[in-house]
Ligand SMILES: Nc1nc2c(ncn2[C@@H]2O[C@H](COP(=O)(O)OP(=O)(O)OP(=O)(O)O)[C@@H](O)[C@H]2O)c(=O)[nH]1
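In structure tokens, one chain follows: the form predicted alone.
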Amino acid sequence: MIIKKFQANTETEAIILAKEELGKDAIVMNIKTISPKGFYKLFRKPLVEVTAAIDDNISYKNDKAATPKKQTFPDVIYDEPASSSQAAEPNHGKESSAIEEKLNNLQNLLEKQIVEKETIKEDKKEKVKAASKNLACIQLIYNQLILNEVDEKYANQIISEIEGTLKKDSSMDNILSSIYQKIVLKLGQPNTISLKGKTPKFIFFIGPTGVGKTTTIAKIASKFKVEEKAKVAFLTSDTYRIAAVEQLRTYANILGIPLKVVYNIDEMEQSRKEFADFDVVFVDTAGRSHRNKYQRDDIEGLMKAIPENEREIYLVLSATTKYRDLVTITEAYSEMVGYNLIFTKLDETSSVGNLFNIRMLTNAPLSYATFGQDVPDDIDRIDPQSIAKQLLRGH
């Protein structure tokens, strides 16, 4: 007996194939539906498989040749399917199984690749999500810095320096803490007047008119006189304003300290000898225009009358001055000497962005800040932590 399997889209088509191949005497032994497996079920329709048999004594080839191309079949005779012991699998069935196995292996490989790609895709989504969250937090903080009048150049510098140090899933608190610490580091520790080392120390106060130099001098001198019991003296070269000399004389009388007016370099050199046994000498200079080179040269000449290791320079600026003007002022004075920064009138502004900007622009150390007219109370050393907090919070 010859047994063969035939597959087609429908049962009728499969039987036709069997009759064409085996002849009209072929007997249908089994009919089953074969569904594609796994990945291929998305692209293939189920097939019908017919198992047919014919007695090997019958020449089915001749019958096949005699069979008209178009024919109808009589009733098909069905029989029980043959067992594996009764029939051997035809060669084309083995080939089909081998192909199917290869296709299944390919399917497994494709499915594995799809899973891996989906995993990578999800990982990328999470990373992008975390990065977007970081970016949103950073943008909020950046906007706050700009709102508090930090120059865009310096705000961008801070952000660029901390971005590379952040984890992908950093919290708002971590990002805020990183930026806070960066600001504190950039502000640096304040450089204030110390009586350590060689004395006397001549402390020069320079700056434009109207920023409160004389009052600032009185506040600092009071603390040294009262709190540190230092031997203090006043000098003033501000002979252009009688009111300025009288104001400083009033403070000198209250504190019980000497005051001397100097008009030129020779008198400054003489004052150095005269106050040789003092701890500190505070020098009030005229509030000259920073645009006038000759006036700046006069002040510079007086300062250079004192050896460099015996003098300190403090540039007094108002926190209420426009940033553009502060840039011009600091650049003009930077041509003269190195200086420390004092900011006045912090009580008259809601923003401390200019303190940070000028510190970044000049790289000059911060020192004192004043916040009122009361002598000696309304002055203190600049606190970097406090400034950083003000820059990062709303008004």
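All values derive from a computational prediction rather than experimental measurement. Start at 1 and count along the sequence shown; that's the residue number.
What follows is about the form predicted together with this ligand, which we do not show.
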Heavy atom within 4.5 Å of this ligand in the model of the complex - residue from 302, 211, 283, 280: 211
In the model of the complex, the residue from 178, 321, 222, 215 that sits within 4.5 Å of this ligand by heavy atoms: 215
Among 370 to 378, 5 to 13, 19 to 27, 383 to 391, the region lying within 4.5 Å of this ligand in the model of the complex by heavy atom distance: 370 to 378
This ligand contact in the model of the complex: residue 344, any heavy atom under 4.5 Å: yes
Residue 55, heavy atom within 4.5 angstroms of this ligand in the model of the complex: no
Residue 247, heavy atom within 4.5 angstroms of this ligand in the model of the complex: yes
Any non-hydrogen atom of residue 331 within 4.5 angstroms of this ligand in the model of the complex: no
